[in-house]
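The chain below stands alone, shown as structure tokens; this is the form predicted on its own.
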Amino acid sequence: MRRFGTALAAAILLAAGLTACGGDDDAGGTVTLRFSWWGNADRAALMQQSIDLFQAANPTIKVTPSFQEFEAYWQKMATETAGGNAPDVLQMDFAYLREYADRNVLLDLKKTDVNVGDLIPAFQGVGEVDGALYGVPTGGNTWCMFYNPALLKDAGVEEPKDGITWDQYHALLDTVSKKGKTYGGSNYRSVIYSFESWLLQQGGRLYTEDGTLGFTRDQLIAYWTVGKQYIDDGRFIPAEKVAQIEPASPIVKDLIATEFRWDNFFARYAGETDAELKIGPVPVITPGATGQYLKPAMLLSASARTDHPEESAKLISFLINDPQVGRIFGSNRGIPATNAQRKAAVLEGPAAAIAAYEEAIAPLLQQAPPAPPKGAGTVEAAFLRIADEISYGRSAVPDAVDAFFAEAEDALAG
């Protein structure tokens, strides 16, 4: 993420005064919108079907599509946005939203007639930065636990129920690792989103409003110390065993009974194992405070330089609200963000299980945190890498925390 930000910043300095974006308009009154997204050929086919529907309903608007794979997309977007030639409508990642908004290259959609009234409650206000709306979610996912009921049964452990506490979960890990055929879980404490959930359960957060770290060294020392303890006592699968099977997850290899991930991983995992997996609750410190929220899988934004703000807003509104578009995409963009598209989407197998899980926990979901600051991607990668140093026994916890804070603070200040 950091290299894209650097490329964008440099290009902006070189591009002052260049012309606005937007497609050429026909003399007959047809407006042309350029629309770019990331994805593969399958998503492109779904997107083209949706664009065809939009153009049929709006014959005076022509949409010129463009797509690339994720990394190539952001390299191209950095250049086009900085050069004043951004597409009118662009797919946006939550991790980049604040960076692009802070550079004033995105349109405040509150100044248009964009229709966001049917967003489900957990997505209301998501995509806002400093009171302006710079992106509208198309769908999302939430942090959760996956578990293998057969492996739990082998160890004589009941399946986790809503309201399970962290102490109860840690006891489950201990029992499975000692009495079962496998390890209780992997070192979830090396993943920043588990740490975020733990912070949110206590009213904390990863980042402050001004984009600095929102937690203390002592909090992270306490968190990573428990992770080290569970590595040493055998509750967590050793890091060396995980490395031997990467990029596969140990849960699809029947090496662990539980794992924490974003719920959209459930569809991928279901295709990688013959074992039955289920989606379970995130353990809590106090009842009802799960620290869970819906994270946008992707958003739709418009360029601040578009010549056609209302037409761009109309396209965004159509793509998030139209029921037929919901049927076309299903869960391809995450479980749909609006009520109409959730009702219209035909979801089967793992996608249906994800949707049912999200519906069941909807009353417990809190508002998503603000879009992360520039440098958050570097912070996330540093968290995992430095936590792994603890897992391999190459770093003591206090030293690892000092190294993380130094790297994270530098990334957020850059």
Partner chain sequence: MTRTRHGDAGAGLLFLTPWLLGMLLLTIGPMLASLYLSFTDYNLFDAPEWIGLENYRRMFDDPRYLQSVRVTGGYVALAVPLKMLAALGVALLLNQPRRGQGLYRSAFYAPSLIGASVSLSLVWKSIFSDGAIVDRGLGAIGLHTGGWVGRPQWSLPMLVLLAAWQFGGPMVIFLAGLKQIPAELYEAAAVDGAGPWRRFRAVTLPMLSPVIFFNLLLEIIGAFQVFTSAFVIATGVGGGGGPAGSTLVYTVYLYDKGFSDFRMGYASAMAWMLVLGVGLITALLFRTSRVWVHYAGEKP
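Positions refer to the first chain, counted from 1. Not measured: the values here are computed from a predicted model.
Omitted from view is the form predicted in complex with the partner chain, to which the following refers.
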Seminar exercise, completed: TL;DR on 152-160, 74-82, 118-126, 197-205: the one with heavy atoms within 4.5 Å of the partner chain in the model of the complex is 74-82
Seminar exercise, completed: With the partner omitted here, the residue among 210, 232, 240, 167 that in the model of the complex has a heavy atom within 4.5 Å of the partner chain is 240
Problem set entry | Contact assignment for the partner chain in the model of the complex, among 181, 278, 111, 103, heavy atom within 4.5 Å | 103
For this session: Could you confirm whether residue 246 comes within 4.5 Å of the partner chain in the model of the complex, counting heavy atoms only?
Result: yes
Problem set entry | 4.5 angstroms heavy atom contact with the partner chain in the model of the complex for residue 99 | yes
Problem set entry | Interface membership of residue 378, the partner chain in the model of the complex, 4.5 Å heavy atom rule | yes
Problem set entry | Residues 388, 392 and 411 all lining the partner chain in the model of the complex, heavy atom within 4.5 Å | yes
